[in-house]
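What follows is one chain in structure tokens, specifically the form predicted alone.
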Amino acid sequence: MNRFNYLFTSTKGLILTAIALVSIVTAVFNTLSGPMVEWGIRDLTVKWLGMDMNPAERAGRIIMLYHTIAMAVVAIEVYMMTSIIPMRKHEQKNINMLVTVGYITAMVFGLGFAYWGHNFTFHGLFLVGQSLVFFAGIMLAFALNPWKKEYYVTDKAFAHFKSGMDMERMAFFVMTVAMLISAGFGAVTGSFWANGHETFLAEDLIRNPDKTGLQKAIIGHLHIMLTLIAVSITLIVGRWLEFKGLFHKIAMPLMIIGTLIISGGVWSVVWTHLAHTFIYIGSVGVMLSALMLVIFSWKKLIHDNSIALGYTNPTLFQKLKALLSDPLKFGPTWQMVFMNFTVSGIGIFMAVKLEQIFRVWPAREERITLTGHWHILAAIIATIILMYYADIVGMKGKTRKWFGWIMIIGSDVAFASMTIFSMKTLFVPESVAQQGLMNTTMILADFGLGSLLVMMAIFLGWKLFDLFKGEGTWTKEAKNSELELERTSNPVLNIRRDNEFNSEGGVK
């Protein structure tokens, strides 16, 4: 019972459970594509697990798989938010309970429906799971209500409105509401299945000039949900790294306005051709906000680690050593910088040069680039989540450094290789000459991703072994989660409050 309570009530246990389930799903379903097909592993998986793999239903299966993984990732971010943002104890427990039951129900019955026969009871339960996750989001939005005076900011180091309202809390609130509306875009379209809407993968319609409104809604849904997941993890990392000061005051208004504009732009894709203009403007705000976080966190890491290393007046080399001395604190913001070279920059370049370059390429090349674009973004977000989790569970010493650097180097080698692979026609136009570049980038990508998978297998194996120990580290994590819950649910202990403002929100 103690282990059950740890896994399904404590923040660290809930995150671990979700990471483990996503890892299992990823490990199993990765055997169904890529080189696993040529090696015969796909056929073994299908046979051993008794999967129904009708080729005509491939798009539907992939969509279901993406949704089950995405909802687990959203659940992880919800756990992080309820553990670091002040709210009432019953609000945190109810939100965590609903999102947990929701994503697990959706994952089990969604995959069961897609890959093991089409039992429509399973599909109904998949929708029930999604509905519970959505309702948990509504409850989270109410809990994040930035107009509650008990959560007003009083420390002037943090971004706030004149009344004392917390701008960072407002950014979380705006992101949550935008995600609920964006989820509705997918839900409304789903309600029209077989009644004007058919299953498709977004990358298959890239050169179709006559997209229906429902198809545009799905394309917008795909892009904005992933974008808002990225916005969420950026805000979470900022709170984790104690983001404040001048850069915080610049970043939070930009994040709020950027999120509103980019969300509105994506929603408008259904009825206007100017959607990308709004998306570009909103993206600038969000990216500048992330840049402020990077500058703040790197300065803070250099300062704090220089003191820890005994540097009183550090040289440039010593500052670099201080910055890189803790990969779990350096890694998340570095991944945000790296993202610009493999995702954001590539996406903007593609949009600007779409007609001049990419539409001249064979459709398959453009499809590879677009598919890689959102897969890399999703994977980078995953690495940030894993580094955050490794830090909050207290990973220390050489294990901390090995975990952090393998996560950073392995993922970056893989994603950089995939970016070069997808854009290879820019560098090597002749198809025959591309083979050498393709082989090299694929080997590097396999090496990078393989190192991540091996490390995650070792890490999860260690956590599983620890769970069987009577006095394992899981017992300490469970106790710490209770203390964190007490702190988060107590406005008096909110780091955003001091005695400068009175209970009515005005200055004393």
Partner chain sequence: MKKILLLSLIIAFYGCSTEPIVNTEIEFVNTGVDPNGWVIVPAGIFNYGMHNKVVEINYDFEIMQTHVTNQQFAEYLNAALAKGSIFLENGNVMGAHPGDPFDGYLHEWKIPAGNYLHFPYSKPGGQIKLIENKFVVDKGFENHPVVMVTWFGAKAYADFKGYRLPLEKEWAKAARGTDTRAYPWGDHISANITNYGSSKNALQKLLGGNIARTAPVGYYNGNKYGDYQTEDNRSPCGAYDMGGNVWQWVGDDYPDVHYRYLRGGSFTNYEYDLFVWGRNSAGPDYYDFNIGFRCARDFVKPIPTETITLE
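None of the values given here were measured: they were computed from a predicted structure. Residue numbers count along the first chain shown, from 1.
Beyond the structure shown, there is the form predicted in complex with the partner chain, which is absent from this document and is the topic of what follows.
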query: Exercise: Leu444 in contact with the partner chain in the predicted complex, heavy atom 4.5 Å; finding: yes
query: Contact test in the predicted complex: Gly397 vs the partner chain, heavy atoms, 4.5 Å; finding: no
query: Partner contact for Arg58 in the predicted complex: the partner chain, 4.5 angstroms, heavy atom; finding: yes
query: Exercise: His118 in contact with the partner chain in the predicted complex, heavy atom 4.5 Å; finding: no
query: Residues Glu38, Thr199 and Ala433 all lining the partner chain in the predicted complex, heavy atom within 4.5 Å; finding: yes
query: The partner chain in the predicted complex: contacting segment from 337-345, 161-169, 239-247, 202-210, heavy atom within 4.5 Å; finding: 202-210
query: The single option of Ala187, Ile409, Ala308, Leu426 touching the partner chain in the predicted complex, heavy atom within 4.5 Å; finding: Ile409
query: Interface residue in the predicted complex among Phe349, Phe192, Tyr280, Trp361, criterion: non-hydrogen atom within 4.5 angstroms of the partner chain; finding: Trp361
